[in-house]
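In structure tokens, one chain follows: the form predicted alone.
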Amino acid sequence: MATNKTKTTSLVNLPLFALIIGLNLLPLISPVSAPLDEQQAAEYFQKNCAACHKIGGGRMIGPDLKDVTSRQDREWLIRFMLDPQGVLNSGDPYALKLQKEANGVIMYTIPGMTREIATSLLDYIESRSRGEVSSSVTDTVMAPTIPPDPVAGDKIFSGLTPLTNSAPACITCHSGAGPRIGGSLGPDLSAVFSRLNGREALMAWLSSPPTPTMRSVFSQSSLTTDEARQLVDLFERWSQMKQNYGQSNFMIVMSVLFFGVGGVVISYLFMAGIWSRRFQSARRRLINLVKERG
């Protein structure tokens, strides 16, 4: 009787077991990705590409993508979108030209990018190239009526003003102009304003960071419009400074050690000179006292 009950239970659980196995195998037998429709392509472009590119309206960090398919073969563009670093490493002259024009900034591989998505993006870019100039994420924050506030930007950079969405302060990973010893996980930001080609491009970058590390940190803790604008104000002020103090952390530490040790040695010699004279004065009085006594 017990045996029949066990068999019955096993038969009842068999469909459930098969369903679980099927759900786990579904990603393996499903297509990796599907082409995007125009709306999906627009959203994907805004999220992943708009930090560096516009479709009409001029260059940002990367080139203006209007009519890009007439400037380069589609197959080359798809290959570059799938693996920008690989194309650069191959010594491709056009890719190296793009890197030089971008002040050495390298395009990052977009997570989840596939041939189907790349093709959909090119279709979207071609469609927009025939239409109006694309708007930028910075259009609403570049108004000249807002006075620059680099002081507020400095407080955000250094962490004195916590970010609204609880993201870590810039100084956690970056150093900047002036005597700021920050983190070394990210690049020094002393010249980021000129390296990323000015206010508009830098504002777009901060609004939707494309690098893998920053994307993972700020995807759920994005900067507010005011925070991004104030940081841009700070970076612009740094670019205007006559003297750029941006140094490697090694040089900063060595400078601190040099001046610190030097200051200690000088202080020691100064105090030794004072106390040696006091010792001689006390010794002389003792000798004179001994002579008087006998």
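Numbers follow the displayed sequence, beginning with 1. Just so it is clear, the structure is predicted and the values come from calculations on it, not from any experiment.
One more form of this protein should be noted, the form predicted together with a small molecule, which is absent from this view; the next part is about it.
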Give a yes/no on whether R195 approaches the small molecule to within 4.5 Å in the model of the complex, heavy atoms considered. yes
Is P150 close enough to touch the small molecule in the model of the complex, meaning at least one heavy atom pair within 4.5 Å? no
Can you work out whether R115 and the small molecule are in contact in the model of the complex, taking contact to mean some heavy atom pair no more than 4.5 Å apart? no
So in the model of the complex, does P168 come within 4.5 Å of the small molecule, heavy atom to heavy atom? yes
Interface residue in the model of the complex among H174, R79, K155, R199, criterion: non-hydrogen atom within 4.5 angstroms of the small molecule: H174
Tell me, which of S219, T164, T211, S90 has a heavy atom within 4.5 angstroms of the small molecule in the model of the complex? T211
